[in-house]
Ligand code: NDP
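In structure tokens, one chain follows: the form predicted on its own.
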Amino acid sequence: MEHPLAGKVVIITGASSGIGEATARVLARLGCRLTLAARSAGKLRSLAAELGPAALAVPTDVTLGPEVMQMVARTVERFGRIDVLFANAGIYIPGQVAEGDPDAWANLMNVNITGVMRCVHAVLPYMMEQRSGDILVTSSISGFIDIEWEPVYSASKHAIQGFVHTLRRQVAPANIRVGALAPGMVANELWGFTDPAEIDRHVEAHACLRSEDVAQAAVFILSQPPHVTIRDMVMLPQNQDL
């Protein structure tokens, strides 16, 4: 039996590494047509070449409106429609507020909040015209609880939760589903994990998720029948009790 996502056109931001890359690999195996977007052009093009002709690499900075519009326009030009936006691009800054850099915080907010909003705004006309679509946003456990060692990051993810929940109500009459995928700590580049052996140790200690775990959760959410909306999915490493 054909998978329910087979043939779907999916835009993935933050696709050059971590959760975005892992999700792209899974969706490619399921027969999706993919637009891969990220700032890391070299890594993005390598991934697209690996995944084959159904993958389109579009280097994109989600904080720049013209680049986001180009990402969407090239998707429609290549594939003719947009079925899914996986708004996954994000950055992470922990630390004490007294020791922080407000300019770095402003950049984080621009990527994690405004970047998501720009991408959503750009795809909505197409989804509303076709009266179908899925918008899935990478949130965080930090959007559900206040984590003291990452106050700015937590603030950005609380904002994303508010945006997702209100957007969902606005676009539901157009048969567009909106949800948030909120993982705890993931052993990938965003959190500073690059050594495979170190990743394995943290996963085996039940202290971290793998990017692939989150990718499978994204596929589960997007694979639900049209009458089912998964509003939020929170997933944690078994030993991360917050």
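From 1 onward, residues are counted along the sequence shown. Quantities reported herein were computed from a predicted structural model and do not represent experimental measurements.
There is another form of the same protein, the form predicted together with this ligand; it is not shown, and what comes next is about it.
- Contact check for residue 17: a non-hydrogen atom falls within 4.5 Å of this ligand in the predicted complex.
- Contact annotation: residue 91 falls within 4.5 Å of this ligand in the predicted complex, judged by heavy atom distances.
- Put simply, residue 190 is close to this ligand in the predicted complex: some heavy atom of it is within 4.5 Å.
- For residue 62, a non-hydrogen atom is located within 4.5 Å of this ligand in the predicted complex, even though that partner is not displayed.
- Remark: of stretches 121 to 129, 95 to 103, 166 to 174, 137 to 145, the one touching this ligand in the predicted complex is 137 to 145 (heavy atom within 4.5 Å).
- Proximity to this ligand in the predicted complex, taken as a non-hydrogen atom within 4.5 angstroms, holds for one residue of 51, 199, 26, 185, which is 185.
- For the candidate set 217, 178, 56, 38, a heavy atom within 4.5 Å of this ligand in the predicted complex is found for exactly one residue, namely 38.
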